[in-house]
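So this first bit is one chain, no partners, the form predicted on its own, shown in structure tokens.
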Amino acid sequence: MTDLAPKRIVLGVTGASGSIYGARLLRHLRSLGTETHLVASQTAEKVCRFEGHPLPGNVEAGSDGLAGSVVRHDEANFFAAPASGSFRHGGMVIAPCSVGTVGRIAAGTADTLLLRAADVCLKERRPLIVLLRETPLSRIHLKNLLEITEAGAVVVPASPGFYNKPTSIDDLVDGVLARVLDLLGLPSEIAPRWKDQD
């Protein structure tokens, strides 16, 4: 974790179903005053619109009541800041992440900005959190997940818990995202925490 963790995070969004995870995470990051560098695949753009969670462009801090900003990067722009190891940030989250993206990270292809930014996190030993949205998993998927885990990534399945008695889809999603924010070292009370039970 770097000293910039509360200030700057890279958020990747792929074309896996579950765009609500990326959309709500972006909102939570901005609520915490984070400068979020957003990179989305072309398929992600289509899926986000289809599922009702279109991604924003650049957004200045405070312009819509949220303390944090959004800096949008085109996935083809290898001159963007997240492509460089000298760009300091507190980590990257890919939410949601497709198994195809996992496979390309495992292979080290780095042929889009999203993949390059993930590759940079691994080589620079920065947090890379992959919120996987796929089921069931094949042997190939499992091997690729093991490969990126051994390289330093943390895989968070989009598998919500039910001990907090969720009453909405947002509750289910935030239960998962609370774990993601914890892994980034960011303060969050977006979901109840486990307490001793009588």
Ligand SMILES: Cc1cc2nc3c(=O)[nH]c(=O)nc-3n(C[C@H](O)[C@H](O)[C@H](O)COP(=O)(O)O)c2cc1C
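All figures in this text were calculated on a predicted structure; none of them were measured in a lab. The first residue of the sequence shown is number 1, and the count goes up from there.
Not pictured, yet referred to below: the form predicted together with the named molecule.
The candidate stretches are 146-154, 163-171, 38-46, 22-30, and the one lying within 4.5 Å of the named molecule in the predicted complex by heavy atoms is 38-46. Think of it this way: in the predicted complex, the named molecule has a heavy atom of just one of 126, 116, 104, 73 within 4.5 Å, and the residue is 104. Under a 4.5 angstroms non-hydrogen atom cutoff, the named molecule in the predicted complex lacks residue 175 among its neighbouring residues.
Of the heavy atoms in residue 9, none are within 4.5 Å of the named molecule in the predicted complex. In the predicted complex, at least one heavy atom of residue 99 sits within 4.5 Å of a heavy atom of the named molecule. Taking the named molecule as it sits in the predicted complex, the stretch 122-136 comes within 4.5 angstroms of it through a non-hydrogen atom at 133, 134.
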